Structure formats: structure tokens, C-alpha cells
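Okay, so here's just one chain, in C-alpha cells, the form predicted alone.
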Amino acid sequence: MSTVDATTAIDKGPPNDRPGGLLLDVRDLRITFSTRQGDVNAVNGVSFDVRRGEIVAIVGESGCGKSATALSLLRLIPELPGRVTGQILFEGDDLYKMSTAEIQAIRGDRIAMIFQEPMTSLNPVHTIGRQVGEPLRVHRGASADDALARAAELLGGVNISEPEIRIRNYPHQFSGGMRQRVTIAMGMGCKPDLIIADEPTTALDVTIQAQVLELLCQQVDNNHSSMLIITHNLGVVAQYADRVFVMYAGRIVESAMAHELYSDPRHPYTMGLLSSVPRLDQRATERLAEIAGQPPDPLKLPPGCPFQPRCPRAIDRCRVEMPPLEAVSQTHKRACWVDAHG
């Protein structure tokens, strides 16, 4: 777990003025997987957007639907056993109405994805240079020599020393942190409009986590890109995200500008996540708070609010009726029947 101080987002004030026009618009996304035990509703009516130049975070525990949401954005959910409904609009064009050739032209070029485990996302039998240069060959028509030279530049840009030599190495010759830098270089090669970073720091130690996130944000700024960060840890996005969406059991339960979410969380689940993040002002002997219980079985979701079996504030209405996602301010929404300030 990251030791990034969750108070950082409060101290830094309002987000900057980078965000521009709408880039990605996800509307009522639903993802269902058919299993022998029945249908699993991994994502239930999720809606969010990403604006140009903006960094947006989706956070939540493992199994809440974050990664399924990320994969669906590039149509990487297999048609069997998966079913995806809703709309995913990229600059107004529905990605699910595009042909296979059209979506392949976007993947790795205008939308790039950085996966959480670089050892499995990098091909062990190809050199680093070939893999980093592949998007340039596919989408830019670069020759093998030009792609290799550009790959060396990209590796240097993510602070890998002696890039002209390292492009001839294989993934197993790199550490975990270096492999993640390689995937960032690969993703940024075509200067995409949108970077999807799916748990980019999960396999890394705390120090490397901060370095990788800082590097990602620098690349986004340098290339005038937008970024969607998928993570289970609110702490790692405290000082980077402009907006945050909190997911639980396949639904968004709270959304707000980052500084607003950290300074004034309104959903009990968000409060629990924030309480579990180590703080710089916390005594070494003080135990971290925890959220009691486990996330619900997606095959046996409880009636009403899915968080109510674990919620210390639950009332009778929570056990029978699903709360809608409603505005508590112009930029802040939550799905809860109980007033957090009550």
C-alpha cells in the first residue's frame, strides 16, 4: 500500500486549468459475464467522462469492476462469455459501432493502455526495442531501423540508462520498475490522446510507485494527453488526479473533483478507503482503520445498497432500496441514503 499522504490533495487546492473539450464519454456501461453458476454483472450502469488534458481516476477494491471497465474501453472484453452494452464515445464516435479495422487503428495510436503486470504484457521472446517500436511500425509506417532509433529515444525519455544498449535486451533482463517504464514508453510512442493506466503501480514497491506515477503524469503533460488511472488505492492518486470516481460492486458510488473528495468524502465506502491509507501525521504505533467484511459475491448481491452489509451507517432503507447517484454540489455526487454530515 502506498504511503502517499492522502492530505496532499487537500493542501494543493483546486485542480489546474488543463481540462478542455470532452474526449471520452461513457454512458450507462454494463458488462455481464455468463458462467455456469449464472450471469455475473461486473459493471452495472457506469457513466463517466474524460476531458482533454485531464487526469481522471477510478478507484475501488479488487473485484469492483474497474479493470473490466478499462478493458471495455478498447473492446478487449471477449464476446463470449462477456456482453457489453451502453455507449463508449471517443470524440463523439461510438467505439462499439466501429469495424474491427477501425478499432485496431485506434488501439495503441490514439488510445494506449498500460497494464498492471508488465512481465505478462511484454513478450518474453522479443527484444525491448522491437516491442517499443512496434506501434510506430504499425501506426506510423516507420521502418525497422527508424522504429528502433525512436524506441531508444523513448526509453531515454522514461529514464532508462544506456537506451541504445537496452533496446537489444529482453524483458527478463529488466527489473519490475524498469519493465513498467518500458510499457509507458511503448504507450507514449504515438503520442496518444488518451492513456488508460490499469493498476500501473500494483507490482511495484512504494518508492517506485511514486516514480512511475510522476513519470506518467510528466508524459501526459509533455504530449498533451489525457489519462484514466485505474487503481485500488486512493492514496496513489491523491496528488495527481483532477477528478475521482469511486466504484463498488460494479457501480459508481461517489464522484467529485479530487480536492473535494479528499477534503469532504460523502459516501461511507469512500471514507473507509481514505481511513485505510497511511498518513504522514499518523503515529507509528497507530493501527490503520479497515472496512469490515468482504465485497459481495457478484452472483449473490444483497438487496438494496450493495455496501450496506459492511456499512456502519446503514439504515433500514439501505437494505431494500438502491440509492441513486445524486448531486450534493455542482461537482460532487454520491449514492447513499444517509447524510454523511448527519
Partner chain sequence: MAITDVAEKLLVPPSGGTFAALASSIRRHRLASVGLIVIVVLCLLALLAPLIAPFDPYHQDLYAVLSPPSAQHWLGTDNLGRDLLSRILYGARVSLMTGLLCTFLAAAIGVPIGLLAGYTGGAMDAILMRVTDAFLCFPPLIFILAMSAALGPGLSNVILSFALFGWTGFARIVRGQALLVRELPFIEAARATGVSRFRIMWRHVFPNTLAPIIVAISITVGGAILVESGISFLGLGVQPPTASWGKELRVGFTYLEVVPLFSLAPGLMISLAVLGFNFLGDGLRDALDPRLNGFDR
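Numbering follows the first chain given and starts at 1. All of these numbers come straight from a predicted model, not from anything done at the bench.
Quick note: we don't show the form predicted together with its partner chain, though the next part is all about it.
Segments offered: 100-108, 141-149, 188-196, 86-94. Contacting its partner chain in the predicted bound form at heavy atom distances within 4.5 Å is 100-108. Contact annotation: H172 falls within 4.5 Å of its partner chain in the predicted bound form, judged by heavy atom distances. In the predicted bound form, D264 stays away from its partner chain, with no heavy atom inside 4.5 Å.
Contact annotation for E134: at least one heavy atom lies within 4.5 Å of its partner chain in the predicted bound form. In the predicted bound form, the residues of 60-80 lying within 4.5 Å of its partner chain by at least one heavy atom are, in order, R75, L76, I77, P78, E79, L80.
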